[in-house]
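Here's a solo chain for you in C-alpha cells, the form predicted alone.
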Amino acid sequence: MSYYDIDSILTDAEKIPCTFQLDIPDLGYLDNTPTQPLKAGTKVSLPLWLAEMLVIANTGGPDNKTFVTFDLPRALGNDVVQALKADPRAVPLRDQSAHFYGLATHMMDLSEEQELGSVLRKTFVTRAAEISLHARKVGGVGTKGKGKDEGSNLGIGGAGEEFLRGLDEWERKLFRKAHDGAKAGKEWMESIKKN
C-alpha cells in the first residue's frame, strides 16, 4: 500500500482496545484526566497505528512486565469469528468495519491468535466466489440493444444493492474488477461475433 492510500489511512485509524499495565505520567488526557498520570489497568481505545507502535515497543522491563496489552477489536471479536465460521456469506463485513480485511491483517501480525488466520482465509475464499458470481450477473453485462453505459451499474437497486452494502472495501474492489472483466469479456466476444 502507498503512503497516500486512503484505505490504508482509514484502516490505521480504526480503534483498538488497549489496557495500560503501568502508571504512565503525563498521559492522563487519554483517559480525560489531564492533570493525572494514566493509571495501571486503564482501558483506552487507541488508533491502530499507535497501538501497533506500542506493541512493537512493548518489550517489557527487567521484570518482564509489559506496559500495554491489547484486545482484538469488536470487528474481530469472538461473536464475529463464530458467525464467520458458521457461514461467511451471512456476515455483512462492512457493518463490522469498512476496512475489515485490512484491520484483520494488521491484527494477525500483532496478535498470537492462531484460529483467526484460518477463519479469515476461509471467509475470503468463500466470499470471493460469491462476489465473482454476483459480479458476472449484475448490470445486464453484454445485453444487446442497450446503451453503452447500461451494463455498468454494478447492481444498484434490489438485491444487488443489498449485496454491495455488506462488502468491505477490499471486496468492493474485487467486485469492481470482476464486473469490469466480465463486461470486457462479453464485449470482446460480441465484437468477434460481428466480424
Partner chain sequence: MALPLPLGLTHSEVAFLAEMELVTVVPRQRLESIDLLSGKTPPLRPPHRADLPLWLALLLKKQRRANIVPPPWLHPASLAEIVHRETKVHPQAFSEPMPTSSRARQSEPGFAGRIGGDGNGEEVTLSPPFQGNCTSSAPAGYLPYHWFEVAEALITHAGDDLGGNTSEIRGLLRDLVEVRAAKMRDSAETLGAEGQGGVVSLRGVGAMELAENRGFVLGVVDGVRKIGGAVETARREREEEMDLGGGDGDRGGYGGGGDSDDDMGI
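Numbering follows the first chain given and starts at 1. No experiment lies behind these values; they were computed from the predicted model shown. By rigid core we mean the largest C-alpha set that fits within 1.5 Å across both forms.
Although it is not shown, the form predicted in complex with the partner chain is what the next lines describe.
Picking from 50 to 58, 65 to 73, 37 to 45, 166 to 174 the stretch near the partner chain in the model of the complex, with a 4.5 Å limit on heavy atoms, gives 166 to 174.
Listed residues 98, 108, 91, 81 were compared with the partner chain in the model of the complex; 108 is the one with a heavy atom within 4.5 Å. Proximity to the partner chain in the model of the complex, defined as a heavy atom within 4.5 Å, singles out one entry of 24, 18, 182, 10, which is 182.
Remark: residue 125 counts among the residues lining the partner chain in the model of the complex, judged by a heavy atom distance of 4.5 Å or less. The shortest heavy atom separation between residue 121 and the partner chain in the model of the complex is within 4.5 Å. Among residues of the shown chain, residue 77 is not one whose heavy atoms approach the partner chain to within 4.5 Å in the model of the complex. When contacts are judged by a 4.5 Å heavy atom cut-off, residue 189 counts as touching the partner chain in the model of the complex. Here residue 15 does not count as shifted, since its C-alpha moves by less than 2 Å between this form and the one not shown after the core is aligned. Superposition on the rigid core between this form and the one not shown places the CA atom of residue 181 less than 2 Å from its counterpart.
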